[in-house]
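Read the single chain below, which is given as structure tokens and is the form predicted alone.
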């Protein structure tokens, strides 16, 4: 398939310059240190500064397509994404995957009630999908929501929920129907301030609390907060999961290969700069080639989406490619540092204040986020290539 990535015309230079100046004027100064991956501020004051920043962007007319019923100018959207990412602070707060669910399955009232505040930063959302015994295989989730008059009563537990400690609303999957598997699952909008919701941040090996456990003790959710029909939750979630996997596949922002080149220039191997070592050059050259392929995969997927030709294998393929390449590159970065790779953030001997060490500790999360790579390979084989399904365990 031809990949369509049209050049942005020079007539948009003024739009870019105006946007760049606006971001520079409104970008907040945070106590929180932005790191690689899906990271979350640990101070309420920083969250409020980010809300103000996102609100200013929205009110100035810079709205991302993911929050709008009508697509904007495609060139302006690309510039908007590029400049907001380059700013280096979050421009979308929380996990906004529910936006896609509301667009395709939500009622008009749900869309008008929740999409504008989400785009403006007034509402922060979290995704309430994974459970201790149901991660990549969400069809085995056990959180239940039983009908009681005009409400559903939710009992259960979720885990790995980013931004839950600061969220106003949650995008919840729970069992409502008396059948096993995906047909028993429904999707809900959950007010995170509801009685019976208990959020417990998890301290990870990175030292940060980017994920949370969330417990539900007979939490009442109005029936009008269901997204789609009863038992339709798996279909509702499908579009969201595809979007998350494609985002993981395109994650990483600035190409880290040039950072590796700089690292190889600054560190020695055998008494010479590591960049002069043939094996190091070969390795970095390989990373550069694979990084170019990663970009092509993302562009190809965007082209297929534009033409309505996305398949079940596209997002998993890009997700696997990125997450495994990223892991190998951060491992190579630590190897280049030698013994200094054991120094972490705050140590005077560390390189780039521990950026690579933090990226290494976080890198395996990308191989799990949006569904583990093992599950992704099954999706490619079964849904993309039509191969026989993997035998399921006996209950």
Partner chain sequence: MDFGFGEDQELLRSTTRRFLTEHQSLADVRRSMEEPDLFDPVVWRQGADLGWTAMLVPAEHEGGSVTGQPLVDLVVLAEELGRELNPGPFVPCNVSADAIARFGTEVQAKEHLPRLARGETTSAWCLSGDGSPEPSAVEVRASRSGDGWRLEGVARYVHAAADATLLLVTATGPESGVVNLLVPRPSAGLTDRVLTGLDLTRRFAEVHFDGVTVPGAAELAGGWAVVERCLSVATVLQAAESVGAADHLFTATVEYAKKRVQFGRTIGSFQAIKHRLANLLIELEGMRAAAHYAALALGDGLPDADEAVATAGAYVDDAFAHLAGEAIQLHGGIGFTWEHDVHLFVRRAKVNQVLYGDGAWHRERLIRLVEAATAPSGGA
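Heads up, when I say rigid core I mean the largest set of C-alphas that superpose within 1.5 Å between the two forms. Bear in mind the structure is a predicted one, so any value in this text is a computation, not a measurement. Positions refer to the first chain, counted from 1.
Below, we turn to the form predicted in complex with the partner chain, even though it does not appear here.
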Task: in the model of the complex, the one of 147, 203, 281, 103 near the partner chain [non-hydrogen atom within 4.5 angstroms] - done: 281
- [ ] Could you spot which one of 154, 141, 320, 214 gets a heavy atom to within 4.5 Å of the partner chain in the model of the complex?
- [x] 320
TODO: Decide whether residue 10 counts as a contact residue for the partner chain in the model of the complex under a heavy atom distance cut-off of 4.5 Å.
DONE: no
Task: Partner contact for residue 387 in the model of the complex: the partner chain, 4.5 angstroms, heavy atom - done: yes
Task: the partner chain contact in the model of the complex: residue 85, any heavy atom under 4.5 Å - done: no
- [ ] Considering only heavy atoms, tell me if residue 115 and the partner chain come within 4.5 Å of each other in the model of the complex.
- [x] no
- [ ] Report yes if all three of 265, 292 and 377 come within 4.5 Å of the partner chain in the model of the complex by some heavy atom, otherwise no.
- [x] yes
Task: Location of the partner chain contact in the model of the complex, chosen stretch of 187 to 195, 121 to 129, 320 to 328, 91 to 99 [non-hydrogen atom, 4.5 Å] - done: 320 to 328
Open item on the list: For the stretch 292 to 311, I need every residue with any heavy atom inside 4.5 Å of the partner chain in the model of the complex, listed N to C.
Closed with: 292, 293, 295, 296, 297, 299, 300, 302, 303, 306, 307
Open item on the list: Once the core is superposed between the shown form and the other one, does residue 78 show a C-alpha displacement of at least 2 Å?
Closed with: yes
